[in-house]
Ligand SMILES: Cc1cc2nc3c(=O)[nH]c(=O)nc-3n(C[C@H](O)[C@H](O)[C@H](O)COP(=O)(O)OP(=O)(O)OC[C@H]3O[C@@H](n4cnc5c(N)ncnc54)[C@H](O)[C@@H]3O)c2cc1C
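Take a look at this single chain, the form predicted on its own, given in structure tokens.
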């Protein structure tokens, strides 16, 4: 393949994360000359594949698919490129007490039947809670072109209009903590403890913090499985999403170069690579986070935009623990737990104190969400072996004393303690493990502060307060998770950015 400097491109995409690949596929499909430049030797960014131990394939950050937009899957024909999802059922398993667990099935009635066995007084409230948020999803994310994720970031006024002006819905989306939201429907603290963690995923805030109710909604409003909000394992690992997107981009005519580090961005001219060569392009779209993007500019950005980027919250508080196992662990004595994502941790009070400890550079009792892909897809581990991936909060970016190298083992053992509490003998199954803290994620993936979503997804930073696709700098665009509709493996950020670029360059695609 020719060196990218050998021609002038319409668009250069900086970073081959899944949103950058999506953006490139749409732009190339519209007839533009597009090149994607990736610093690492693999595509995918946070949704890539690694082999830390022979035969074990894991991702450094992302694990499940659920928010990936079906419009992107359909438009780019990702199934033709090897993309397949195996939906979890049950979706979530939370040990509550000895022999008692909250089990969330894809079938709500089955969930309620299980709940009735140990908390019969909560059944009607749980049904009302589910119905309340289902109504919000239908209002904001109907399964058609009115989906607010399929457009430029809407203002709050439009969101409120879609919610019919309902004060309860507006408060839930913009203001309430996840604990307050759950407490309006449920009065069993065991159930609130079990569900509250879904309001802090990737968020540097405790579950009592205003706006965390929206975080829970953000993670349950996916339409990948036809509108049910379900999550699943991508066959071969979550990095297969990026591999399929790369294939779609190449099929559309885009060029993708790995091992090509961009060290300078000159909007209107192109980018400079680490080898000193220039790649010329009419427009630059950055899949990097806003702070990293502005750090690459070869000129001073507008002061107001620079200030906005500087204030963008990128303090990561999540760790990733990948574990190679000789067998699948069983939680709370229930074999069905191996077929679900499993949440273990200290409940609301413990998460509040854990967040405070992390802010002070210490480690409290961690909460962890556990994923056992080999229960559905044995291809990601050697025969007879298994992999567990843990998403962990809250951890410090910087420790009060010592470095991450000094505390990596402390984090691992704290997580294993939480697992062992509900799965005795778990440590006997461990063959190898790795721990990545926020600085590791920052160094490897390029996410400032190690924030997996390129910045907070709390309401003050969502909708039209997300970063713009078209920056105030002529010829410079963003397409990553810092843009609307936010973080996770969504890909529609890249699609929407491409629509904006095509309009600006005189190409007029249908939205």
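Numbering follows the first chain given and starts at 1. Remember, predicted model here, so these are calculated numbers, not experimental data.
Beyond the structure shown, there is the form predicted in complex with this ligand, which is absent from this document and is the topic of what follows.
Undergrad: Whether 17, 391 and 489 jointly form a contact site for this ligand in the predicted bound form is the question; each needs a heavy atom within 4.5 Å.
TA: All of them do, each having a heavy atom within 4.5 Å of the partner.
Undergrad: Which residue among 467, 28, 46, 58 has a heavy atom within 4.5 angstroms of this ligand in the predicted bound form?
TA: For this set of options, the contacting one is 46.
Undergrad: Going by heavy atom distances of 4.5 angstroms or less, which of 458, 32, 445, 476 would be at the interface with this ligand in the predicted bound form?
TA: Looking at 458, 32, 445, 476 one by one, just 445 meets the 4.5 Å heavy-atom criterion.
Undergrad: Tell me which stretch of 393-401, 257-265, 146-154, 123-131 has a heavy atom within 4.5 angstroms of this ligand in the predicted bound form.
TA: Every other range fails; the passing one is 257-265.
Undergrad: Taking this ligand as it sits in the predicted bound form, is residue 231 in contact with it (heavy atom to heavy atom, 4.5 Å or less)?
TA: Residue-level check for residue 231: yes, a contact with this ligand.
Undergrad: Quick check on residue 291: any heavy atom within 4.5 Å of this ligand in the predicted bound form?
TA: Judged by the heavy-atom cut-off of 4.5 Å, residue 291 is well away from this ligand in the predicted bound form.
Undergrad: Whether residue 53 contacts this ligand in the predicted bound form should be assessed with a 4.5 Å heavy atom distance threshold; does it?
TA: Outside the cut-off, so no.
Undergrad: Is residue 484 near this ligand? Define near as a heavy atom within 4.5 Å, in the predicted bound form.
TA: No, no contact at 4.5 Å.
Undergrad: For 127-165: residues with a non-hydrogen atom within 4.5 angstroms of this ligand in the predicted bound form?
TA: Nothing in this stretch is in contact.
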